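For reference, the chain that follows is the form predicted alone, supplied as structure tokens.
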């Protein structure tokens, strides 16, 4: 290959090397370990090839239930973040100058603070003696505290609060590329608001919606801190389950098999969302 073609690629070499060592190599090790075994009553790993770990996942209703619950909560978080993120992204796109920058900074703050700080804040907000229950009592709307935590509601609230920026930022990018006078032009030709939304806005925003949904879904199903703290031990999800198998039970092959199953589910979800986005972006007669 001529040197002139290699020159643009050379600056990417350190990043590619870092990704390979820190990202792809551990994933490869997890995939290999998933097909190893462990003798009953022993912590020693048997490197002989076996599919026993995957058979165990499918045969035990508990693991199937946890994986199914995790995927369902991930879908719910992605859908709710989309419904909340579209209006927020529209407001940010319409803003100008310093106001737009301020709104983007406020949207990014949860990502900067870290999951632990956010989750601890949610404890103070939604606890039995928290701000939300106290405000509802002061307004006379409730007599007894509502239990937001220790159930799927609390976990879902925490995931939405933590990962809403992952939906808003891709939406801001795609909505910012849409000419602002395009909906008005369609309306002047007789298109209703619903038709403008269906035929123009959603197809053009499809890639951003798909990217945001993939990011929120992936982050939600692999989250550890939020389900562990807000679930309070009553809502078992994928992250805490893998931690238990790897760090407490010390069954690394089985924990790796769980990771491979979840990675396959994430890849399938990403492929489906990408296909839906391509279909939505096709021009219609």
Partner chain sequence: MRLRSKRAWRAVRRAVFWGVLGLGLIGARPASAQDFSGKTLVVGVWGGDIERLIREHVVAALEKETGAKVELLLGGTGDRLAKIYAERTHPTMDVAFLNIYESPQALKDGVVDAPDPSAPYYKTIWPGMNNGCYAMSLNGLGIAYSKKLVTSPPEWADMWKPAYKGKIALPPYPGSEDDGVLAVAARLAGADEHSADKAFSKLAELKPIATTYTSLDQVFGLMGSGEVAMAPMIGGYAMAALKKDPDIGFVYPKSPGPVLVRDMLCLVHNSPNPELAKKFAALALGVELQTAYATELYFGPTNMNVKVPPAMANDVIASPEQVKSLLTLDWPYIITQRAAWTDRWNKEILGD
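Numbering follows the first chain given and starts at 1. Owing to the predicted nature of the structure, the values given are computational and were not obtained by experimental measurement.
Heads up, the form predicted together with its partner chain isn't pictured, but that's what we're talking about next.
State yes or no: in the model of the complex, is some non-hydrogen atom of residue 233 no more than 4.5 angstroms from a non-hydrogen atom of its partner chain? Yes, contact at 4.5 Å.
Indicate whether its partner chain has at least one heavy atom within 4.5 Å of a heavy atom of residue 147 in the model of the complex. Residue 147: contacts its partner chain in the model of the complex.
Answer for residue 196 alone: is it within 4.5 Å of its partner chain in the model of the complex, judged on heavy atom distances? No, no contact at 4.5 Å.
Against its partner chain in the model of the complex, would residue 248 count as a contact residue? Criterion: heavy atoms within 4.5 Å. Because a heavy atom of residue 248 falls inside 4.5 Å of its partner chain in the model of the complex, the answer is yes.
Enumerate the residues of 60-92 that have a non-hydrogen atom within 4.5 Å of its partner chain in the model of the complex, in sequence order, or give none. Heavy-atom contacts to its partner chain in the model of the complex: 60, 62, 63.
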